[in-house]
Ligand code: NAD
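One chain is shown next in structure tokens, namely the form predicted alone.
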């Protein structure tokens, strides 16, 4: 169960107690003092956050042009100018991936925590140098509006809670980065978008793969026709979910579904950003092993097929009952390209297969090696970059809303056994903002 539901003590009581102590201490300290005007130095003005990255330090080349460019040393904003992020929910993803990723960020830093477990929050705050007064619980979450240390709220809660904390966060005047899936219903997604628009705040959904170098390279390869005309995409993402049967991912009210919104969404989203298109047909099947206690409320496995306007067919599978598999392969008229693994946090591998240009009897299968980047750092820096430059995120709320609509139709197609036809959508990447820029 999410750490949101663990016991907590009243932050209001703590603030009241410490506030009285501060007043008493101040009154005692003032006894025998000279006038304040003669004692106090001028008030320091806060350093404005954001701005341009410093110029990259350049070195003379030490390798011939036959060798891969290392890219040069990284640049970053000074810590005091990086945008402050409040992390809402201190579960596995937040503590194992997101918090450590800030060490690789160039524009973002953690400045506040929101948790229902005060002891855990205090421990994490100490570990990452977060001020004790910047620890919040779910009752006083709205007080973030008064905290100038926080520019962006990153919501890492069970799916069904994304709407509430996005809406409250936007009303508190903060920009929102929300984990995927965006929510559990189309209506909730729309409400999240509307709340951020009304507050004039940015909303980004954390589709980390769309910021990862291997995925960016595959997108460019497809768009540049390096594989020829794409005909077919196969995508699989699954894992053997188990252990604690009370975990929120196995509760429909909290997760909104089983494998599909958790890991299957990666396959769905990949077919859309690889092609840039929106599907015009959907068919699907679901299955859950009878009597398996893990799947009393949510589905075990889903397969679905999508057809796109250009004629591309996508065949996707996802499951909570298989050994880990996270891959996709794009079949073109001249070559195929794949990532395997594709959806993992690290260790991604890219392969391309095409006929040899020197031997008509040979097929060249080559690995495209690229420097690995922290996916969470990339997405958080992109969010910060969008706030600093006042531009639309690459994966805004509309991107999450579209996946939510399509997942609802996948469930409908599986339930009815019928193929669902959708209206054609003109243009490419219609739900996405500008491509993320590379930060050196």
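Residue numbers count along the first chain shown, from 1. All values reported here derive from a predicted model rather than from experimental measurement.
Quick note: we don't show the form predicted together with the ligand, though the next part is all about it.
With the ligand left out of view, the stretch that reaches within 4.5 Å of it through heavy atoms in the predicted bound form is, among 185-193, 74-82, 87-95, 309-317, 87-95. Contact with the ligand in the predicted bound form, defined as a heavy atom within 4.5 Å, is made by none of 304, 328 and 394. At a distance threshold of 4.5 angstroms between non-hydrogen atoms, residue 254 is in contact with the ligand in the predicted bound form. Within 4.5 Å of some heavy atom of the ligand in the predicted bound form lies at least one heavy atom of residue 345.
With a 4.5 Å cutoff on heavy atoms, residue 332 does not count as touching the ligand in the predicted bound form; it lies far away.
Interface residue remark: residue 159 is counted as part of the site for the ligand in the predicted bound form, having a heavy atom within 4.5 Å. Only one of the listed residues (102, 336, 211, 138) places a non-hydrogen atom within 4.5 angstroms of the ligand in the predicted bound form, and that residue is 138. Of the candidates 282, 222, 206, 124, 206 is the one whose heavy atoms come within 4.5 Å of the ligand in the predicted bound form; the others do not. Residues of 262-282 lying near the ligand in the predicted bound form, listed in sequence order, are 262, 266, the criterion being any heavy atom within 4.5 Å.
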